[in-house]
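In the form predicted alone, a lone chain appears below as structure tokens.
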Amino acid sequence: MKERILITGNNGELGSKTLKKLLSIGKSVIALDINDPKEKIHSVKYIKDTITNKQLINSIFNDYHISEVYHFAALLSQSASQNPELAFEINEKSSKNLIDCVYNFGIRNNCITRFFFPSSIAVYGPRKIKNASEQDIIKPTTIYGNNKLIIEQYGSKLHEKSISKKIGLDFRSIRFPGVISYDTVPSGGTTDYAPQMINCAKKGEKFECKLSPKTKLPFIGIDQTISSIIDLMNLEIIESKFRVFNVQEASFSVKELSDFLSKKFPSFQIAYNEDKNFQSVADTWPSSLNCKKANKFWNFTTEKDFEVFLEKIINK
């Protein structure tokens, strides 16, 4: 049976760009999303359905030899807080089922399947910390953060069972900060203010910000995001029981970003209309991340100068 890679949530930014990267290196992909693909690629097998369809997920592992899983289907932070029941179904229950399918597939077929899970800085809390390491204070205050932490722990637990048998699940995860792209403008996440502000500045439009000017958060560009995912998944062995890694390229405040954009785009204007829901979430997330572990395992490098980082994004 031919090996396939399964990508869930392939219509999202991370899913779509990871899919293209995998195709560029000759991988065979099955793509699952609740919506029709925005761009259909002939060599990809597309499945339009929800990740909550347990029968479908089971059938994929019965019908195909899945060598890797990239699980991007999720409800983002602000969307999760507005619909906690759906967040539980998608972010927790369905993710656990997918992990179980991978584990059971490996046991049945005497193999080990790599599983990538995109976690988030939302797992941190309850207070803002600087230079947060992977094992710093982890007490999330949001639905989304709790969803992510539960799956980190669940995947890591089954990974430990698998390693002792050398079959089953090889769980790998990255805690992403805000991701900034050069060609899409996301919504539904607390850190999405940054790409939204950049987009407005480039268009000469006024931006209404829901966070206070002093709010500081970590970020990474989309290119480094995809590279990090692929680099992590390409590692043959990760000699670490802790299966989660931090990454960031730059850390800056809302005001630092707006001041930078005002200099670059003189017509840009910003108004502050603080949203208590957004602000309460941002106030529990780290202002910056410690990335020494990622640097050790796959030579991840951090761009410390936030202006250089932003120039790269804007001029892409």
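Treat the numbers as computed from the prediction; the structure is a model and nothing was measured. The first residue of the sequence shown is number 1, and the count goes up from there.
Keep in mind that the form predicted together with a small molecule is not shown, yet the notes after this line are about it.
Contact between Trp285 and the small molecule in the predicted complex is found at the 4.5 Å heavy atom cutoff. By the criterion of a heavy atom within 4.5 Å, Glu152 is excluded from the residues contacting the small molecule in the predicted complex. In the predicted complex, Asp192 approaches the small molecule with a heavy atom inside 4.5 Å. Contact annotation for Leu76: at least one heavy atom lies within 4.5 Å of the small molecule in the predicted complex. Note on the interface: of 235-243, 198-206, 173-181, 221-229, the segment with non-hydrogen atoms within 4.5 angstroms of the small molecule in the predicted complex is 173-181.
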